[in-house]
Each structure stands twice: as C-alpha cells, then as structure tokens.
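Below, in structure tokens: the form predicted on its own, a single chain.
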C-alpha cells in the first residue's frame, strides 16, 4: 500500500513526458534498472540520472565523491560521462559487493573505488589534500545534516554538491504529505535544505526534479 503521493513533486504527465524523452541503449544500465525495480533497491530516477550525467559532462571533473553506492548505478553513470576517479561510499556490505561486481562488468574497476564505510563518520578522515570537483549525496537522508560541513571542506572552489531526494515525495515541502513514520527524516531534510541555503560558502538551487535535487556550488 502506497502511504504517500508519488506525484506530489511533479505532475504525472510531466514525468511521463520527461521519461519518454530520456533513452539510452546501455544494456548493463538497463539490467541494473530492472534489478532495482524487482528488489526495491533505490537508485536515481531517470530524469535525475540524465541531469547527473549532464552535470558531469559540463563540469568535466577529475575527482568525484559519492555517498551511497547501492548497486553502483550512479557511479557507473558518472564514470561514463567523465574521465575521472570516483570514490563511492556504501555502508551495506552486500550492496558494496554487488556494486563492485557491476563496476567490474562495466569495465570501470580501475576508475571507481567502492569504500565500505559509514559516510557520516568516514568523511572526517579524508585528508583535505584530496579535494573533489563533484560530491553526490544519495545516502541515508537523515544523515545529510551530519555530512554537509565535511562535504564543503572536501569540495574545491567552484565545485558542486548534488543532493538527491531532498523533497522526499513532497513531504519536505508540505506537512499534509508527511507520513508519520517519516517525520524524523523529513525534519532533518528540512534542516539540511536550510543549512544549504544559509551556508555562506555555497550558492544553492532547489530543483523539483525526480524526488527533489539540490545543486550547490562552492563560491
């Protein structure tokens, strides 16, 4: 039973139109998309995936940090869009194993490093010399507030933080959409968005794309 309005952010006819225009012929990515649907593994929405790919092609990053590898879908997507090194953090060891297998299949084992770690703790151990051009946050939503300061520290000037699921099926924006068991996550996402908008080192745009995306540039 669906507990929330899946169309709370973008009307279904808009989503249908956008997804009708987004096509790719990558067999492995299609296989991973099907796997994610069958096993309810969260991966980026198709329109968010295309946006992420465009950002990578525009920025031409040398180093990317991702929080939340899951099955490796976004990391592979970004690797296809940019000649760069990618470090992706994943807390779940089964997901990390599957991500490595998919990355190997994609031929990016020398380009993408999967690190099994709790990101909210691990980020503080990354040396400041290892700055990143793009940081993609797509891990536990309730933990975003604990990661932002470290992400800003590790981001180069002019670099970009992309955060997924910030509108969270419309719950972040409207109390009437909030599901009771999601209250803590929603409160923390609201605080995270406020932190982004108030941070003097960042300029942030909030996009009603997919499940809600923020794009922040370090100024």
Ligand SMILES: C[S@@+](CC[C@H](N)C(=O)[O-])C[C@H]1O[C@@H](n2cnc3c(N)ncnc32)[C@H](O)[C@@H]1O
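Just so we're clear, the structure is a prediction, and the values are computed from it rather than from any experiment. Positions refer to the first chain, counted from 1.
Another form, the form predicted together with the ligand, is not on view; read the next lines as being about it.
- A residue is said to contact a partner when one of its heavy atoms sits within 4.5 Å of a partner heavy atom; residue 70 meets this definition for the ligand in the predicted bound form.
- For residue 146, no non-hydrogen atom is located within 4.5 Å of the ligand in the predicted bound form, even though that partner is not displayed.
- In the predicted bound form, the ligand sits within 4.5 Å of a heavy atom belonging to residue 91.
- Within 4.5 Å of any heavy atom of the ligand in the predicted bound form lies no heavy atom of residue 102.
- Only one segment in the set 136-144, 123-131, 103-111, 79-87 has residues whose heavy atoms sit within 4.5 Å of the ligand in the predicted bound form; it is 136-144.
- Taking a 4.5 Å heavy atom cutoff to the ligand in the predicted bound form, the contact residue among 173, 151, 189, 44 is 44.
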